[in-house]
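Only one chain is shown below, in structure tokens, and it's the form predicted on its own.
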């Protein structure tokens, strides 16, 4: 097996295990067994379990780099927020374990929090704050809203929707077929609120 294949295979096997059990809930032996690789390969490629966990987090949070594309896009501020909502829905569809890593790192931070998790999330919040401030300067948004509270409310709304999916599956259709409806609802709530 090629070096890159072995490394990728170990990461792929580690993602669901770390997502389900956290860094401290998985043994190196369990990780190697799940990957079908020799135990020494984890040390060889990653320097140990912590290094493998850091590689998994780096891969998982890399999808947040798409926020830079949104920031560079020369479109209306509100369209940037819609692109963020779309990217977030797409992100959870493509990376079903990402939310587990988010919540795990936010509630029980590991040594990776300061170097991987926090910078990735901070970049998203800063980009949304910049877009909202830009919208304020063009009088697109109410000036009595606190920019930080507003963008955190939007991010919270979309992230919490997916976080609650296991609990709400019997009352809400979470299928990808509804993604366009979900995006419209989130944008409508964000721009117009819920009052008549």
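Numbering follows the first chain given and starts at 1. All values reported here derive from a predicted model rather than from experimental measurement.
The form predicted in complex with a further copy of the same chain is left out here; the points below concern that form.
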Revision key, fill the gap. Checking 39, 136, 62, 164 against a further copy of the same chain in the predicted complex, the residue with a non-hydrogen atom inside 4.5 angstroms turns out to be 164
Revision key, fill the gap. Contact with a further copy of the same chain in the predicted complex, heavy atom within 4.5 Å, among 108, 90, 115, 79 goes to 108
Practice item. With heavy atoms only and a cut-off of 4.5 Å, decide whether residue 121 touches a further copy of the same chain in the predicted complex. Key: yes
Practice item. Look up in the predicted complex whether residue 160 has a non-hydrogen atom within 4.5 angstroms of a further copy of the same chain, and give yes or no. Key: yes
Review point. Looking at the partner-bound form in the predicted complex, is residue 143 within 4.5 Å of a further copy of the same chain by any heavy atom?
Key: no
Practice item. Give a yes or no for residue 86: in the predicted complex, does one of its heavy atoms lie within 4.5 Å of a heavy atom belonging to a further copy of the same chain? Key: no
Check your understanding: So which of 40 to 48, 62 to 70, 27 to 35, 166 to 174 is the stretch with heavy atoms within 4.5 Å of a further copy of the same chain in the predicted complex?
Key -> 166 to 174
